[in-house]
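Two forms of a single protein chain come next, each set out by itself as structure tokens; they are called structure 1 and structure 2.
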Structure 1
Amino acid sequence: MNEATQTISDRIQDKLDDLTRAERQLALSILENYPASGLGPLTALAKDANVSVPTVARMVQKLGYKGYPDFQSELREELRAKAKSPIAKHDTWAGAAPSEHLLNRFTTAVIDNIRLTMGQIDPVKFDEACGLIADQSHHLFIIGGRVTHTLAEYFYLHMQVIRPNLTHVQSTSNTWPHYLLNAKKGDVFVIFDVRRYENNTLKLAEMAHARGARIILFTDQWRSPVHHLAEISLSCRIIVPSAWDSATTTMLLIETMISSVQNLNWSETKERMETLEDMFDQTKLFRKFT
């Protein structure tokens, strides 16, 4: 992404791995309530993040600003530019509900998540990930955690139709080491890990990486520790007005990836689909209306 078009959030994401522990703590605090968190006094930001004032000063310089006033000035410009876009006009998505209703606030948050996520996804890396997943010469392992296993299962269900030679693994199960017995160099592991990052998932990724596996990671804007092992990381914004994080943006990427992978091997995928439909007909799994 061109530096001139980068948001402050983009800059923070790019620098996360280069920050000290305290600076990273500050960065995550800013992202947690972005952009409002950067609009107050420097001392208030330091207090909210539980870091020192010099830590704030050092981090904004690492982001490329002369100081905190320069940082705030660009943040305000960013907010003014955002206010000009149609997406930020506070339209009422649910027409019968007031603009402050949760239906509308939640929808606005999800749309912001999608916009910010798509702004930093590298299409070349995304296509590379799809190519690795479509490559049937290597086994495909799909791994989810306590909550993300639902996303992993959805992805696996579609990949079952598109290609052979794959396994669904739940890192929360004590049987996952058994699956690693079959993992070989070049095999592809698609791993879902969002906050709160799971120790089992990290250990599984470490062991798979040690066996020469290639890792594709679906994570959040703060990035799972698996990020350091992954060949490709797809970071999704997940913040919504809820005690729970949102999976909408991650699901959007998953469904886009399913569409891409099916097209890469369409002739074989089509044949598998036709065979599966014939099986459904024979088992009378689905009701027919004609």
Structure 2
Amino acid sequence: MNEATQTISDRIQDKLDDLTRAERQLALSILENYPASGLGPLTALAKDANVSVPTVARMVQKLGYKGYPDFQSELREELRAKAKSPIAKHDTWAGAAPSEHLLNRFTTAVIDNIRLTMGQIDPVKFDEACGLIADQSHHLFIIGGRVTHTLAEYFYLHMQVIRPNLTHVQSTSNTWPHYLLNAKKGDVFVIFDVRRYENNTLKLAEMAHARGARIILFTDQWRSPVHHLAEISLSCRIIVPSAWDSATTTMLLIETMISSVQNLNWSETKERMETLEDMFDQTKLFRKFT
């Protein structure tokens, strides 16, 4: 059994369970920008991880090193070895896997999707969309499709905390008329529609549009037909090495939007979030995060 094959990073992760809270916090901080932070002075590392100086000393001993200097010297040794090996310039995301591994191929594709999607987003339109969604004087409807309803729900889940006056329109088209009956001119519809585009969704969009609603559309690079009716269209690239399309980029955009809308409504959101936390505490559904 050769221990040289195991990097210090691996070693830290293996021992993660044997570490205490503060030590784990430190360990994660080291991994955060590995190996640079571990090569600095102990004091700096401690401050960086928000733990006390002796915690660092104790952890490295738990990891099996004689002391912090010993730990550092091993780190340097590892760096030396890595610099010498010819595969040093290997530029993969999952470093432990070869570049042909699906983990790397998929990640590369997604990063590409993100780059291209962001490259063609109009920030003004984006901010405009956030403004519309943040505006509580109009009702907010959120609609997804067969696959995208999960994204719609994720969006809805967060919007619920940020603002009142919103509805998640479920896919079953029977219930639509009820929803639409309540839709007033100026109300905002957030619609998710990626290929293969759904007739249902288009129908609903048409009806909403006819009633004078404003539509914000999340779609793919080929754009759902709904985009003709939409005031703002956000198209995401969704190509990955798979039989299905990727929702990751769309997810990124959704989360950015959630964060942005939350900022616009911050004073109120804060209260709502605190109330929510209290309620969760009371029901003991969650443990406190330590």
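Note that the structure is predicted; figures quoted are calculated from it, not measured. Whichever C-alpha set is largest while still superposing within 1.5 Å between the two forms counts as the rigid core. Quick note, the numbers are simply positions in structure 1, starting from 1.
By the stated condition, namely the form predicted in complex with the DNA, the second structure is the one that fits. After superposition on the rigid core, the Cα of E231 moves by less than 2 Å between the two structures. The Cα shift for K270 between the two structures, taken after rigid core superposition, is smaller than 2 angstroms.
Once the rigid core is overlaid between the two structures, F71 counts among the residues whose Cα shifts by 2 Å or more. On core superposition, V51 has its C-alpha offset by 65.6 angstrom between the two structures.
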